[in-house]
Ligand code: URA
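A single chain comes next, written as C-alpha cells; it is the form predicted on its own.
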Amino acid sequence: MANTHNKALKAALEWYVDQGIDEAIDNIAIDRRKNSNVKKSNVNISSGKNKEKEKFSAHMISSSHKASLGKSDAWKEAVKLASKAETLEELRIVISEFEGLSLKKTATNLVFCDGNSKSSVMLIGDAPGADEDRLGKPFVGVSGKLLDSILKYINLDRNEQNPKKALYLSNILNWRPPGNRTPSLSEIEVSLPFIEKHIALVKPKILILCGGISAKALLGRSEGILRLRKSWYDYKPQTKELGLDVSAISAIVTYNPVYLLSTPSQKKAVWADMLSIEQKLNDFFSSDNIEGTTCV
C-alpha cells in the first residue's frame, strides 16, 4: 500500500515538473485573496515626485479593472493603459497596477528595467527567472553575469552613463511565470502593448531580442530562433491600436544567456552576433555624447 502511495506521489511530482512547476514559492502557504499577504513590487519612486506619481497612480487604479479579466478584455485594457503612459515611470506604475495577468499573483516583484534609458541599445528578453523575480531586475544572477561579460567585449555596460557604451534591459513579460515555465500565447499577447510602449519611450537605435519568444512576438514572425538569427530586421510595433509613431528600429536576434549556460557550444554563434552589433553601432554613432539616467 505504501509503495503504491509513493508511486502516486512520484507521478504527481513528475507531472508538475513537466508543466514547468519545479520549485516551491514558500514554505508557508499564502492566501493571495487577502491583500495584506501579497508582496507589492518596489516602484522606487523618488520623494521629490511622490505627489505627482501618486496622483497618476490613483487615476490609473480607478480606470483599471480589479477583477480578473478575460483574454480579450485584458488585451484591450493593456492597450488603453499603455497608451496613457507618457514617461517610463508612468509606464512602470501602469504595469504594476494592471490586473489582467494572473502571473502577478504568484510573482514576488515587478521586473521592469535595468541600465541607462538613454542608451543606443535596448536588450529585450523573454520573461523573468527566479533571480530576476527576487531582485526586481532583468538579467541578474549567473545568466546575467554571463550576459554582462559577453556585452563588455563590445564595450556595452548596463552601468554606463555614456549612451554610446550604455545598455538598457527589459523583458516581454514583467512578471515571472511560476516555475520558469514558458509563457502562454495569451500572456505574451497581453504583455505586448506594454513592451511596445516601453520601446517607443526609450527610442533605441538597436534592439537585441534575446530569446525566441521576444523575437517572434516583437517581429511578428513564426520562425524559430535558429532561422531568425544572423539577419537584421526592421522592427515596427505590432500593436497598431497603440498608434505609436515609431521609425523602424534595427533589430537582431540572439540566444538567451540561460540557454548558453546549458549549451556552451552556442557561444561562438553569440560572439558572431556581438560582432555584428558592434559594426551596426559603429555605423550609427555620431560625435554627440549626451549622458542619460540609470533605471532604478
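The structure displayed is predicted, hence computed values, not measured ones. Throughout, we count residues from 1 along the sequence that is shown.
Just so you know, the form predicted together with uracil exists too; it's not on screen, but the next bit is about it.
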Check, residue by residue, if Asp126, Phe139 and Ser143 all come within 4.5 Å of uracil in the predicted bound form, counting heavy atoms only.
-> yes
Though uracil is not shown, can you say which of Glu187, Asp114, Glu196, Glu132 has a heavy atom within 4.5 Å of it in the predicted bound form?
-> Glu132
So in the predicted bound form, does any heavy atom of Asn174 sit within 4.5 Å of uracil?
-> no
Could you tell me if Val258 has a non-hydrogen atom within 4.5 Å of uracil in the predicted bound form?
-> yes
Heavy atom contact within 4.5 Å of uracil in the predicted bound form, the stretch among 100-108, 200-208, 74-82, 118-126 | 118-126
From first to last in sequence, which residues of 178-201 have any non-hydrogen atom within 4.5 angstroms of uracil in the predicted bound form?
-> none
